[in-house]
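Heads up, the chain below is alone and in the form predicted alone; it's given as structure tokens.
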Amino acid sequence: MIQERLINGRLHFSLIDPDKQSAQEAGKMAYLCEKYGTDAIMVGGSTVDGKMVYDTIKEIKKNCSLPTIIFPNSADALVENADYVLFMEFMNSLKYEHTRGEQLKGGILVKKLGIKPIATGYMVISTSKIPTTVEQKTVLDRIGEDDIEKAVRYCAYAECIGMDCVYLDAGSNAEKPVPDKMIREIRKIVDLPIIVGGGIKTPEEAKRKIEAGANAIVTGSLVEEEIEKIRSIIEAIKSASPS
């Protein structure tokens, strides 16, 4: 269902990090996000504690009816009560564990647990002077704001090897989001659904990403810090005219 809706665009995903609050509080946050119109709850972040992920999803499912999508940082985050997992190749990481290592551990678990995998070409776009958390935890083939041709090449690669979507992430609390021009140029070449996250803090920014060619917008920091702003961001996304 998520994959089908991604193709049509204009989706909003709320990202909840199990490390940032109790499972019970995460459930309340998910309830509000559903009330505001989000399309799915992503669960992930810095944690590698499977029990914490499981308990968080359990409380989310008690409080809302939306699909849950694991946004894993390792195979340890895979749990059986999730609906989907972004099964990601971290395309511009130069560390083996992030491009193949954790994936080799996780593939068999996804099959055994019965989670639906969404094959995702994931890439970090560096938009901040101070490296974001995800940039600090890996070694990047850096893609800066002006490295548009490199970003397009990575996304074309993802499509050619059969990925379901690409995810352009500026990182948690990024100073600036992924540039509109980069999204627009990727969309000219690639037919895959494009997910964009990191640094999107206003309705205007979210709307521009959809109009540039993004299919889904992810917000995480606002869910934790100013959850009431999610409503206006979702309204902007739904009112945007996709590229």
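All residue numbers refer to positions in the sequence shown, first residue = 1. All figures in this text were calculated on a predicted structure; none of them were measured in a lab.
Only in words, not in the display: the form predicted together with SN-glycerol-1-phosphate, which the text now covers.
**Student:** Note which of Val190, Val218, Ile69, Leu66 lies within 4.5 Å of SN-glycerol-1-phosphate in the predicted bound form, where distance is taken over heavy atoms; exactly one does.
**Tutor:** That would be Val218.
**Student:** From the list Gln103, Ser126, Thr138, Ser172, which entry has a heavy atom within 4.5 Å of SN-glycerol-1-phosphate in the predicted bound form?
**Tutor:** By the 4.5 Å criterion, the partner-contacting residue is Ser172.
**Student:** Quick check on Ala23: any heavy atom within 4.5 Å of SN-glycerol-1-phosphate in the predicted bound form?
**Tutor:** Because no heavy atom of Ala23 falls inside 4.5 Å of SN-glycerol-1-phosphate in the predicted bound form, the answer is no.
**Student:** Does SN-glycerol-1-phosphate get within 4.5 angstroms of any non-hydrogen atom of Gly199 in the predicted bound form?
**Tutor:** Judged by the heavy-atom cut-off of 4.5 Å, Gly199 is in contact with SN-glycerol-1-phosphate in the predicted bound form.
**Student:** Is the gap between Ile230 and SN-glycerol-1-phosphate in the predicted bound form 4.5 Å or less for some heavy atom pair?
**Tutor:** Ile230: no, not in contact with SN-glycerol-1-phosphate in the predicted bound form.
**Student:** Would Ile234 show up as a contact with SN-glycerol-1-phosphate in the predicted bound form if we use heavy atoms at 4.5 Å?
**Tutor:** It does not: once SN-glycerol-1-phosphate is placed as it appears in the predicted bound form, Ile234 has no heavy atom within 4.5 Å of it.
**Student:** Out of 207-215, 191-199, 23-31, 54-62, where are the residues with a heavy atom within 4.5 Å of SN-glycerol-1-phosphate in the predicted bound form?
**Tutor:** That would be stretch 191-199.
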